[in-house]
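Have a look below at one chain only, the form predicted on its own, in structure tokens format.
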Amino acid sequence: MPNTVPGTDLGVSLCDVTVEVERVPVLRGFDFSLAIGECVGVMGANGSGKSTLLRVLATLLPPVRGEGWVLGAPLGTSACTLVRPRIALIGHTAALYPGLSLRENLRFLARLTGRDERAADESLDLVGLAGAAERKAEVCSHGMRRRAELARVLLTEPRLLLLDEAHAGLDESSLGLIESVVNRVRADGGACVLVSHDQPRLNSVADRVVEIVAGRARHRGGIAA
């Protein structure tokens, strides 16, 4: 399976895509592209389709019309199962087992993905959680769980990183972690989509910003090409 859409440097390409949620169109005639090594910010009003777009890019929600490719896999086909392990989606709820400690969560993931458990410890250290590694996820603050999710990204080294309001819940001292993790993914040959209501923070991380308006993608200042 190729790493990108065949013959291009694109990690993602959506062409005239329509996506429905419970038979209600959310994205309509949606065009979007993401190059390898690029970070694109996504803005939009509540309910505009930002989280829906991330689900599409995670290959979890196929379009009802149009064509799309993610890491070379045509959306809505069995090829998506092959690229899913190379996609990391950080949503509003942390993907952690509540009854396990942060270290146990990361070490379990390391074993599942064939990595050395020491890499899990190193990832927790990189996001500033070494001192809280034995704390159960269920008693961790939202910000700590966010940082644990970023440790998961560092551990699994995804080719496509999808962040939904990643800055939410992080204190000022932790906000730089987002940029650090995004830059690491990009440097390793990956790409990133970052959804946020905070345009200044988007501008500081993203190469360009797209706004979802009436189900379509627009660059800030014009319709997306």
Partner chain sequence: MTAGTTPAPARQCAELARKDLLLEWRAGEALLVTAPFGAVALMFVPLAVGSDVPLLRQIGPGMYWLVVLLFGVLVTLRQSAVDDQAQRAVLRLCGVSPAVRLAGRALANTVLVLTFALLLAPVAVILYDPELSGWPWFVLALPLVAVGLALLGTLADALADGLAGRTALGPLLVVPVALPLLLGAVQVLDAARYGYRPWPWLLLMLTLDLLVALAAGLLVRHLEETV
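Since we're looking at a predicted model, the values are computed, not measured. Numbering follows the first chain given and starts at 1.
The same protein also has a form predicted together with the partner chain, omitted here; what follows describes it.
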ask   = Taking Arg186, Gly189 and Val210 as a possible spot, do all three reach the partner chain in the predicted bound form with a heavy atom inside 4.5 Å?
value = no
key: Among 55 to 63, 30 to 38, 175 to 183, 191 to 199, the region lying within 4.5 Å of the partner chain in the predicted bound form by heavy atom distance   = 55 to 63
task = Verify the contact flag for Ser141: yes if a non-hydrogen atom of it lies within 4.5 Å of a non-hydrogen atom of the partner chain in the predicted bound form, no if not.
result = no
query = Does any heavy atom of Gly131 come within 4.5 Å of a heavy atom of the partner chain in the predicted bound form?
reply = no
query = Does any heavy atom of Leu71 come within 4.5 Å of a heavy atom of the partner chain in the predicted bound form?
reply = no
query = Would Ile87 count as a contact of the partner chain in the predicted bound form, using a 4.5 angstroms cut-off between non-hydrogen atoms?
reply = yes
note = Contact check, 98 to 116 vs the partner chain in the predicted bound form, heavy atom within 4.5 Å, ordered by sequence, gives Pro98, Gly99, Leu100, Ser101, Glu104, Phe108, Leu109, Arg111, Leu112, Thr113, Gly114, Arg115, Asp116
